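This document opens with one chain alone, in structure tokens, the form predicted alone.
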Amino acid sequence: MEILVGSLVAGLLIGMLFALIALGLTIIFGMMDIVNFAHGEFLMLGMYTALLTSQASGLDPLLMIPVAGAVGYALGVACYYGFVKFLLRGPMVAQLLGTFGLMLFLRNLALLLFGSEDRTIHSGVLVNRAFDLGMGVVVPATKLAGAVMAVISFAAVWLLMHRTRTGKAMVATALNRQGARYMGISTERMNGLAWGIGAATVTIAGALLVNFWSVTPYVGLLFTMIAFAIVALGGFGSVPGAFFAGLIVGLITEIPGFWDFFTYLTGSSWMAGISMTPFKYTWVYLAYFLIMLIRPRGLFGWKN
């Protein structure tokens, strides 16, 4: 039972952080129907921002989260006004290849500036700390902080979208761009805001992630694919869908723990001979593939 409860808790915690990573991707897609292949590179830059500013200032990495968010917002706005808004004038394939090129540029720029070696944070108020919840369940403080921050971020985005004039203008732009223009809404400003918020949420996720995950210029690829799976599962453009799909994907990555539990429960010798750990992300990609086949709009999709 300890294995089962431990896997459930671990899956939900990492699932909330996965959801935060995917939040920006679904906001950007919901606003302008463009898939940002550079989303993982934004995450990578958030990780480097938290790590390097923490090391340079001597402050705790947790205090670097606002810095990472500000860098992400500025990066997102700069990418939109300097690059993406021109892509929107072209065909869909140009938009796809354009953000793919942005991904390669940011990754190789990081290689040039930071090198290819793994970098990790070794000290901080959360690093190497954990809470014992009983029943043998130990929760790392870093992952708990990531989960709490994810819930706060989703609540903030939901309130922005549904309780502010700016948020309602963003929703109107997403639903009917031409109609929003007739109502006097600056759709260009809303698009730039969406890119800023989307990039800020993922760099904040990176600043949390770097407390327990090493960073290299290549780290974004894994999380880009996970974010795509979450957005596809939750529904492209759906903020609540991204949250619940993140939880589902988090639980899927804990399949090795569930496998071990059922192996112990059944006493099966053939199950004991198979390790699921090397394949835990394979199940995520399989779920992504099946969702795209069976329900392309996802579980909570709201745009046709």
Partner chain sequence: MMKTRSVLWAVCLALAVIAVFRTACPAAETIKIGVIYPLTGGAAAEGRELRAGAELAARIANDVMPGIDMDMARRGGITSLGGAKIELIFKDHEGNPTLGADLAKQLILDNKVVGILGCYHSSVTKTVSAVCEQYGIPMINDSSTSPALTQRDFKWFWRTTPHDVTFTRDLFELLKGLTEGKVKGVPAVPGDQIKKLVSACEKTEWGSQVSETIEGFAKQYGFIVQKSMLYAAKSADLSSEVRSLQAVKPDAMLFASYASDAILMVKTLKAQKACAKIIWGQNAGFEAPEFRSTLGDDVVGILTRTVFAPRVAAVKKVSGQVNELYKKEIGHDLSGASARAFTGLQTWVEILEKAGSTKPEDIQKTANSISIPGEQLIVPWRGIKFAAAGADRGQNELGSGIIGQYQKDKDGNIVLEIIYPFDVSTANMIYPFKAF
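Positions refer to the first chain, counted from 1. The model shown is predicted, which means the values in this text are computed figures rather than measured ones.
We do not show the form predicted together with the partner chain, though everything after this point is about it.
Proximity of 95, 228 and 296 to the partner chain in the predicted bound form is absent: no residue of the three has a non-hydrogen atom within 4.5 angstroms. In terms of contact with the partner chain in the predicted bound form, the residue from 178, 214, 166, 186 that brings a heavy atom within 4.5 Å is 214. Interface residue among 112, 222, 104, 156, judged by heavy atoms within 4.5 Å of the partner chain in the predicted bound form: 222. Interface membership of residue 264, defined by any non-hydrogen atom within 4.5 Å of the partner chain in the predicted bound form, is confirmed. Shown alone here, residue 10 lies within 4.5 Å of the partner chain in the predicted bound form, counting heavy atoms only.
A residue is said to contact a partner when one of its heavy atoms sits within 4.5 Å of a partner heavy atom; residue 200 fails this definition for the partner chain in the predicted bound form, lying far away. By the criterion of a heavy atom within 4.5 Å, residue 192 is excluded from the residues contacting the partner chain in the predicted bound form. Proximity to the partner chain in the predicted bound form, taken as heavy atoms within 4.5 Å, picks out 270 to 278 from the listed stretches 270 to 278, 64 to 72, 42 to 50, 235 to 243. Residues of 95 to 132 placing a heavy atom within 4.5 Å of the partner chain in the predicted bound form, in sequence order: 116, 117, 118, 120, 121, 122, 128, 130.
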